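Read the single chain below, which is given as structure tokens and is the form predicted alone.
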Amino acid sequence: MIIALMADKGGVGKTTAAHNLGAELCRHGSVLLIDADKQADLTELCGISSEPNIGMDAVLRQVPTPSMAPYIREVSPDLSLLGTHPQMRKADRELAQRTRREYVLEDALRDLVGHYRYVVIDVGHSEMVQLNVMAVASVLVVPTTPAKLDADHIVNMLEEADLMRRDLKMPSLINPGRVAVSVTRRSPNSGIESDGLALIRERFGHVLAPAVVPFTPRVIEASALHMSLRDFRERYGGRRDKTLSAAVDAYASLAHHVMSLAPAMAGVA
């Protein structure tokens, strides 16, 4: 199963969601994280140094397309990473000049079929990279924060994803129900966020993930230590930290929800 995390705006917790979703999924099978965002935040979050030609930046820019296997790094048992570097920004221009430019990522993944049960892709705002991801994705996760304006960004993201799938002559991910909107709060007691969350529930309840990820400053601490929230809780937090535990449970719930969206799919396919 290939899970793409895409957002129409920054600052919605996309990379944190990708990291923690991957960490939860690896409790159910092997996971490959792919950093497909030129900011390389997922690479940093996993504790891997972002250097040129270490991963996605090299894979997308080479002709012919190489296998990504030599570039994959182990993060922990059952969790691996294909990182990237900010020079991935050059991929847009270079991909546009290639034949089969929409299928470069698909070609790079081909010899990994069966090696990973789940692939989680943190997707940036490059349209060409997004198109490559949409060519292989079986599930789309749209992270968001609960502000009223974010509801419009969700609509934009879903419309863009649907348009890319049509351009690729592939079926929609929305109509088969392979989309999840995951909400992360930024403030524990914001009335504005409560109003925004109510609006998102009203408009997107049919694709909303089961649990809202609550605000916790532990996210910053865990990120600084290159740890998932679950690992951070087990080492430093303790179960008495109710908000931290609620955040861990929310990501676990998201993982189970994502698995339920395409239960027949397994491996890189």
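These numbers were taken from a predicted model, which means no experiment stands behind them. One-based numbering along the sequence shown.
Although it is not shown, the form predicted in complex with a small molecule is what the next lines describe.
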Listed residue that, although the small molecule is not shown, lies within 4.5 Å of it in the model of the complex (heavy atoms), from H115, R110, R73, R186: R186
Contact check for G47, S228 and F232 against the small molecule in the model of the complex, heavy atom at 4.5 Å: no
Contact test in the model of the complex: P214 vs the small molecule, heavy atoms, 4.5 Å: yes
V12, heavy atom within 4.5 angstroms of the small molecule in the model of the complex: yes
Contact of I220 with the small molecule in the model of the complex (heavy atom, 4.5 Å): yes
Heavy atom contact within 4.5 Å of the small molecule in the model of the complex, the stretch among 156-164, 178-186, 97-105, 82-90: 178-186
